[in-house]
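As a starting point, one isolated chain is supplied in structure tokens, in the form predicted on its own.
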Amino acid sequence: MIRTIVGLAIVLVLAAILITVVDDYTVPSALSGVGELYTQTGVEDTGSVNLVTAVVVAYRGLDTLGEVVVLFSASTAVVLILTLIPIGANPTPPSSIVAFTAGILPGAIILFGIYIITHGHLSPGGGFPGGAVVASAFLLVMLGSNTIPDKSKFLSSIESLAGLTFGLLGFWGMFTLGQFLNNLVIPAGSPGRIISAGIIPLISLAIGAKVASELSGIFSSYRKAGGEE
């Protein structure tokens, strides 16, 4: 009872603080500072017409490196926990609908994920969302069967290769142009074309492969923790 009252009091205090902050918050009517700079020079600096990708991959490359490290740490921790402390029950046979869907949709899902990865410099997308879409195809295949082939070594190899590629691309920019993940180590090309934006498409591919392999590895670990037959 005391724990419930204390928890309710904390929630009410946080709600009061949030209401106060929101009441004083105003949405700026125009960009300013670094945001204005990005919109004015982003395409010229990076060759990417998607300024979100330009900021994430080029201007804030070190932040992206940190995100990759966090994702790697989280996935490693989950796999380690599931390896040391198996949980769950034996997998149950999938329904006919799930089994049928798992037999026809994974190819289309993977293709869509690759499109999102490779067009991140042209339209909303990039390595992180595209990699998650590709991993969802692996999850669908896993849900559509009682067992899955042991792909742990294959997934681990892809993850390691993608991480190494990402690091090498980053240091390539540092050693040649003095900036980590500087995408203009190769010509930017014509903005708006599929082959443009320097090495941003290559960076997206590396991130997409790493995200897809790490998430797929987590799904595989959950299945094994549940008692793979």
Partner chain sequence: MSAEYLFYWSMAATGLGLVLIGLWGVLTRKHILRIALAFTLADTGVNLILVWSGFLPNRAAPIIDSSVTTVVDPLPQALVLTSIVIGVAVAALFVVVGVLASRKSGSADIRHMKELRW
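Numbering follows the first chain given and starts at 1. Small disclaimer: the values here were computed from a predicted structure and weren't measured.
Not pictured, yet referred to below: the form predicted in complex with its partner chain.
Participant: Check L215 for me: does it contact its partner chain in the model of the complex (non-hydrogen atoms, 4.5 angstroms)?
Facilitator: Judged by the heavy-atom cut-off of 4.5 Å, L215 is in contact with its partner chain in the model of the complex.
Participant: At 4.5 Å between heavy atoms, is V70 in contact with its partner chain in the model of the complex?
Facilitator: Contact check for V70: yes, within 4.5 Å of its partner chain in the model of the complex.
Participant: Using a 4.5 Å heavy atom cut-off, state whether F128 contacts its partner chain in the model of the complex.
Facilitator: Flag for F128 set to yes.
Participant: Closest heavy atom of V56 to its partner chain in the model of the complex, within 4.5 Å or not?
Facilitator: Contact with its partner chain, yes.
Participant: Note that its partner chain is not shown here; using its position in the model of the complex, name the residues of 35-62 with a heavy atom within 4.5 Å of it, in sequence order.
Facilitator: Result: G35, Y38, T39, V43, V49, N50, L51, V52, V55, V56, R60.
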